[in-house]
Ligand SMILES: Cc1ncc(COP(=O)(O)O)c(C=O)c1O
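Quick setup: one chain, the form predicted on its own, written in structure tokens, and binding and motion questions come after.
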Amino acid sequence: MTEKTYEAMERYGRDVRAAFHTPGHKMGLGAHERLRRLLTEEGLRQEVNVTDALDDLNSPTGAIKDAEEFAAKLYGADRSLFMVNGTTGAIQTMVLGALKDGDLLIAPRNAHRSVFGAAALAGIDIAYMSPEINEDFQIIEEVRTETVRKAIEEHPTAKAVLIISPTYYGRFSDIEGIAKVVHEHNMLLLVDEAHGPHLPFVPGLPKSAISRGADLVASSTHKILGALTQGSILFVNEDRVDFKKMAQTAAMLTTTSPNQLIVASLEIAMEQMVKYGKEYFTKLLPLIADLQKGLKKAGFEILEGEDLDPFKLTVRISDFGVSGKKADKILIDKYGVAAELSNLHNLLFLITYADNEETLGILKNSLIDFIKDKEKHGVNMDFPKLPKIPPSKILPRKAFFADFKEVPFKESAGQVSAEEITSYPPGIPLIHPGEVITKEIIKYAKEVHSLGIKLVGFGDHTLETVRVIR
């Protein structure tokens, strides 16, 4: 039996006395004191580049190949590819590997910025679908089957459909229903499942989309499971997808110096879930139910529903006269509680296998104490609402590479954006290159920026100017 990835790394770290290869710290020999505090001595000895003694992520034949096959079996896929450049890399790989120059991709308007990046790289056009809008929480939610059906009827020449399930806020789409519609029209179904790596291990939740009809699924193993940040997996079903082309695309987009610690962490995360996953999550579910019950009793509005992942807790905080962004800062500074995401209206808390009665108790007590003291936080109930999706005027790739000029942002209404404006997290663009800037978007961007919401993608981070198509 081939040794595990981490076993090969342990052996290499133990056997090599003098390394004459990258990285420059030479297996920790020259590591700075601060770096030593970040990594253990053992970790530094194993933080080596690709050598003949270790498997190659971009052309695996040994331990990594076995680990990828192990992961594919766990999730119900034919094949899998380990990724060290996050789910951004996995999404770009599946888009570039499945489509070609001139093809059309149907995707939700709240798709991650990596989808547009892949389209710009490959010369792919995107037809956007409008997902459901939750007016109460002012968030974009899931794409429904009928929305996909309508989009396909409007764009019958599309080659693939991409959806997000679960969404950042934990809402699930009907994967089986959507897959049936997509495949009836000889298209591929691509799923951004960044926030669903735990699904195969939680009793009662939908399983991974790759086992329910999807052709390609990108999963962030580092988000709710125990892999290191940037550790993700791309799952592939071979009925409609050329796996060799997908692997070739992954190698083209991935560094030739992959971090072996991230690679090994993916395998370790899978083994941890096989051994303990069901136990971890089974214990957590009643604790989460008690947490939600306690918060609702205290007066909080919580995002709910049968089609919602319980490990995503969205709390509407604007009811108490304070923005989510300001509440986030207070919770960190006063209580030492850090949220996954804060926007104008809400706080999103990510609950993982690592949580327990103590951590959830800290969260509940801090939130309840926070609202008792809300008078000190200042009142601002006039929060802006999400603007309408702007019209598209130019293909994304053409707009990305077009000549541009800078104009005052406040005077840019009616012009075509040459840059992406994104609120991050979650990395969902407010406007894409090629879309028409509207007065509503200008007003919204200015207002959220003044309230502390981070907008990235501007050439001018002050929001005084914006790049538009010349």
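Numbers for residues come from their place in the sequence shown, where the first is 1. Because the structure is a prediction, the values reported are computed rather than measured.
As for the form predicted in complex with this ligand, it is not shown, yet the points below apply to it.
Note on the partner interface in the predicted bound form: the residue among 161, 209, 194, 266 having a heavy atom within 4.5 angstroms of this ligand is 194. For the options 80, 260, 323, 87, the residue carrying a heavy atom within 4.5 angstroms of this ligand in the predicted bound form is 87. Proximity to this ligand in the predicted bound form, taken as heavy atoms within 4.5 Å, picks out 163-171 from the listed stretches 362-370, 163-171, 329-337, 283-291. At the 4.5 Å threshold, heavy atoms of residue 91 reach this ligand in the predicted bound form. Taking non-hydrogen atoms only, residue 222 approaches this ligand to within 4.5 angstroms in the predicted bound form. Under a 4.5 angstroms non-hydrogen atom cutoff, this ligand in the predicted bound form lacks residue 346 among its neighbouring residues.
Although the partner is absent here, residue 314 is not a contact residue: none of its heavy atoms lies within 4.5 angstroms of this ligand in the predicted bound form. Note on residue 23 and residue 230: their C-alpha atoms are nearer in the predicted bound form, a change of at least 3 Å from this conformation. Between the C-alpha atoms of residue 63 and residue 22, a gap widened by no less than 3 Å is obtained in the predicted bound form, as opposed to the form on display.
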